[in-house]
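Given as structure tokens, the chain that follows is alone and in the form predicted alone.
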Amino acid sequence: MRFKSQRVAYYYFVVAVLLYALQIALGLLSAAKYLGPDPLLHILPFDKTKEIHTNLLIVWVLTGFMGAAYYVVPEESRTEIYSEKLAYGQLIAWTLMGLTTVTGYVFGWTAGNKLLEQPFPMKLVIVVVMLAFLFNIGMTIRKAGRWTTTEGVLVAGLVSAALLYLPALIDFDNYTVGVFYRWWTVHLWVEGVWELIQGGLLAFLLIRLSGADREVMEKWLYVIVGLTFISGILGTAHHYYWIGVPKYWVAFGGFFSALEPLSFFGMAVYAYSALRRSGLSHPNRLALHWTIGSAVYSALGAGILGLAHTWPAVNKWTHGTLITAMHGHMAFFGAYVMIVLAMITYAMPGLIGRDEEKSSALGMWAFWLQVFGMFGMTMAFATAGIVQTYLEHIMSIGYLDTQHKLAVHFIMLIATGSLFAVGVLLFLLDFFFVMVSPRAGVRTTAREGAAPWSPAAAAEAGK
């Protein structure tokens, strides 16, 4: 860590990982409800647990993105954050908004718009918090008078995410119209501008973890940005297949959805290119694992599995089935969860003063349990979705009868989900108990963070 104000990132990461754990607990509870009996049926029915589970994902990932920005922007612009007090105030308001919204869901206080269920007053709080965040980041860059392409792509993704939340403020009486504009926020977030955030963070990490040339990395970043915008914007059409819009959206959706995996494959290629020379020689091996994992898993989950069911001829059978959950879980985990955890594990040694070479075995266990747990969950969703598609659409068996026949797959889902949850628990134990107090390790020497790690730099530093 080069600047004292970067310590605010630590507190964002604390909130993020706690919400992450809560999200996983609600996910396991939702899966268990498929098997029954459900003693919480009248307190936390499935619709509420799923609503909280999906919304917590969005909230904690955005919290992680903001924390990462408060670490990366000072590092790239070489200056202190414009206002630490504003950053802390923003975090408090954001956390209170999240807790109030989740509590409201339990008592039925919801807008009822899937993935954008936040009540209108809470949406206004989100807008105010995001404006405060962008103001703080923008003034930090302005004060420094310096910014890099990596930083620019990251901030552009964050600004675009804030702007694309605005359609969520509008309420529509017509359901089709409401669904049409909902994807302007949801799709263009997760398959559009969030990819810019992932690309910016991935470039930042690869430059520092591999010692790769910044110019080369940032040229790759331009390619990723281009592919994201070419495919992601019109790729929104694959959500319009069956909601009552004109048929030409089917052609648009099929063609541009087929292009969407290119940006994720591009990320995997430029991660491989960066690490080919240095290998896994950086002392922060845990951050390396999460970084590589993000590039690979996003290519598999968002790229291959996304393409597997967004082609119109396939999607007419799989739409609304567990095939969607198969794609969604691995895609979100690879593209956004893993990049946030990579950023946390990279930044934490500097934030708390821990030696990078002392990455704990607990952290590595947390990584592998989550990776294998998510792979198992994806396979459970895939087999359940294939069986569901066949029974419901080919055999014309009713939904409830089909769900009864899928019980064995949900047993596997809960087993692998439990494995994943153990990995999350180990990550929390590593975060809170293996590491030390954040104030104990604020180090601001010129040597630290002054240049990307390299074997030569490490040898020189050891003299």
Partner chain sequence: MTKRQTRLFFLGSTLLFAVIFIGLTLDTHRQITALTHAEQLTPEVLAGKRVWHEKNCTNCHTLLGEGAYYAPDLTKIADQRGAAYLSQFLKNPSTFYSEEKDRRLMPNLNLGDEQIRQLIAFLTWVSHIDTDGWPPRPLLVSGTFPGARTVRAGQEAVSNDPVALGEALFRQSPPACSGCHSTAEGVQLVGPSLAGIATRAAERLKDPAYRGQAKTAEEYIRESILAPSLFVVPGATFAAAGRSFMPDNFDRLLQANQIDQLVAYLMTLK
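Positions refer to the first chain, counted from 1. Small disclaimer: the values here were computed from a predicted structure and weren't measured.
Separately, the form predicted in complex with its partner chain exists; it is not shown, and the next lines address it.
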Stretch in contact in the predicted complex with its partner chain, which is absent here, among 368-376, 291-299, 341-349, 240-248 (heavy atoms within 4.5 Å): 240-248
Should residue 110 be classed as touching its partner chain in the predicted complex when contacts are defined as heavy atoms within 4.5 Å? yes
So, in the predicted complex, is residue 174 in contact with its partner chain at a 4.5 angstroms heavy atom limit? yes
Give a yes or no for residue 393: in the predicted complex, does one of its heavy atoms lie within 4.5 Å of a heavy atom belonging to its partner chain? yes
Would residue 285 sit within 4.5 Å of its partner chain in the predicted complex, counting heavy atoms only? no
Tell me, out of 135, 265, 252, 311, which residue has a non-hydrogen atom within 4.5 angstroms of its partner chain in the predicted complex. 252
May I ask you to choose, among 82, 94, 180, 332, the residue with a heavy atom within 4.5 Å of its partner chain in the predicted complex? 180
Is its partner chain in the predicted complex close enough to 28, 88 and 142 that every residue in that trio has a heavy atom within 4.5 angstroms of it? no
Sequence order please: the residues of 145-166 with a heavy atom within 4.5 Å of its partner chain in the predicted complex. 149
